[in-house]
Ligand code: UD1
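Starting off, we have a lone chain in the form predicted alone, written out as structure tokens.
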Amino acid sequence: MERPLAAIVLAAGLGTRMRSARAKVLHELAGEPLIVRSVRAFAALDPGFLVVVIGHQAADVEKTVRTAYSGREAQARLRFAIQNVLRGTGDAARCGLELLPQDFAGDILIGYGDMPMLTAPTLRRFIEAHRASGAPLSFTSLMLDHPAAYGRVVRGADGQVSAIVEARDASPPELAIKEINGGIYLADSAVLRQALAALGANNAQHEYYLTDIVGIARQRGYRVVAWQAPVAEEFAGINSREELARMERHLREEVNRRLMAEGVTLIDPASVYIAPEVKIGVDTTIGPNVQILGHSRIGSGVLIDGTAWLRNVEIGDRSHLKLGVRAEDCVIGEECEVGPFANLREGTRLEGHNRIGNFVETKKARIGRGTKASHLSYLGDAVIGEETNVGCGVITVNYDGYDKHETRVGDRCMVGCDSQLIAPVTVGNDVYVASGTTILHDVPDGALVMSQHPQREKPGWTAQWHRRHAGHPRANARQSRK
């Protein structure tokens, strides 16, 4: 029977080197907060308990994590521990341990909220190696030619791990060590409780170091194993904006290489930003200055001209996004034409073979197959049927100052230019809406609807108007141009 597993993610720190009013773990990498990417690897292990230790801007960090893991089962396992006074990583781990049941007996995995490249498969390999070793405590280690400020792994004459020494507390011989601490720990719950209880703050920072649990465990006769990770890049943390930018560039290049190898054309890979979670079909072409973020799904044979911002979108095969399209939390069916300069907001669904043209904005709009809105329209909280044409300047007036209301338009309608549909309202099938109409009431199938006023002219009015403004600076300027 597999031992129970709990996970603790440390995310309470200030991140002072970021020089930011925002908590470090809330800064984004490839469109997602660092804490979300870090927690994802631990959550994928399906631990019985997942504790996130928060401190600086605790409410914002908690909200961000809860939003990302909103499923009922995930929420039941998710817990948040508050580190009210930031006294080091060891104290943060103690805060997290306090939220686990007192009788929890199993393995406890500890990591950090600023390690966004870490993957669940690597963590699984680490767990398997730890359990195969029989040691009560393991941690990840890396071999670096230039260890810089990382903690050094100190080994005894027998080659066994004896301690982890932080760089600021290390002696010159210890600083010469190239094996460094990878920052992930896995311990038997009883041993971890003992080691954390014995932590002291006798160091350069006067903090409780989590790394000290290694030396404490060894002093008490426990064997400690350092598992050398195969891919060092996964264990990189973020401490500055420069490191964040460097990781962003590395991740972007890695994703773009993979996509091109899978059959996607990137006209200018250096200017394309695609999140690792995005899926793109073969023979899709993506132009310059495009961002595709979140869990977007792009079909095959899609053409994205360039300068587009897409998040959590689904795009069907052979659709064409012209220059300047923005789309978020929406579905674009197959063989659609969108843009240039169109804004598809959350809840939009194009059923397929649609045309959404320049300066058209949609929001919570379900637009039937073959329907077009080619110019300068706002379609919000709307359900529009198939093969309907929405003319230039059409607006669904969906907001009364307190609530949003729905507009429904049927199949095969012609909605004339500069018309307003005052929601809630329903327009039937095969309706012709005359240009300039304001629709206040439901319209039956097959009707012509209009609200035109008689046109009037006043001959000579313009000359009189100019005479009334004689002496005005603009009138003088107008005369001088004649």
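Worth saying up front: this structure is predicted, and the values here are computed from it rather than measured. Residue positions are given as counts along the sequence shown, with the first one as 1.
There is also a form predicted in complex with the named molecule; it is not shown, and the following applies to it.
Checklist entry - Thinking of V25, Q83 and D114 as one candidate spot, does the named molecule come within 4.5 Å of a heavy atom in every one of them in the predicted complex? => result Checking in the predicted complex: V25, Q83 and D114 are all within 4.5 Å of the named molecule.
Checklist entry - Which one of Y378, Y209, W309, F126 is close to the named molecule in the predicted complex, taking close to mean a heavy atom within 4.5 Å? => result Filtering the options by heavy-atom distance leaves Y209.
Item to check | Sole residue of T348, N181, S138, T371 within 4.5 Å of the named molecule in the predicted complex, by heavy atom | outcome: It is N181 that has a heavy atom within 4.5 Å of the partner.
Checklist entry - Based on heavy atom distances of at most 4.5 Å to the named molecule in the predicted complex, which listed stretch, 181 to 189, 296 to 304, 263 to 271, 319 to 327, is the contact stretch? => result Stretch 181 to 189 is the one.
Checklist entry - At the 4.5 Å heavy atom threshold, is A92 in contact with the named molecule in the predicted complex? => result Because a heavy atom of A92 falls inside 4.5 Å of the named molecule in the predicted complex, the answer is yes.
Next on the checklist: Would you classify N239 as touching the named molecule in the predicted complex, given a 4.5 Å non-hydrogen atom cut-off?
Outcome noted: Because a heavy atom of N239 falls inside 4.5 Å of the named molecule in the predicted complex, the answer is yes.
Checklist entry - Any of the heavy atoms of G88 lying within 4.5 Å of the named molecule in the predicted complex? => result Although the named molecule is absent here, G88 would touch it in the predicted complex, with heavy atoms inside 4.5 Å.
Item to check | Proximity of Y150 to the named molecule in the predicted complex, heavy atoms at 4.5 Å | outcome: Looking in the predicted complex, residue contacts with the named molecule include Y150, since a heavy atom lies within 4.5 Å.
Item to check | Heavy atom contacts to the named molecule in the predicted complex at 4.5 Å, residues of 7 to 30 in sequence order | outcome: If the 4.5 Å heavy-atom criterion is applied to the named molecule in the predicted complex, 7 to 30 yields L10, A11, A12, G13, R17, K24, V25.
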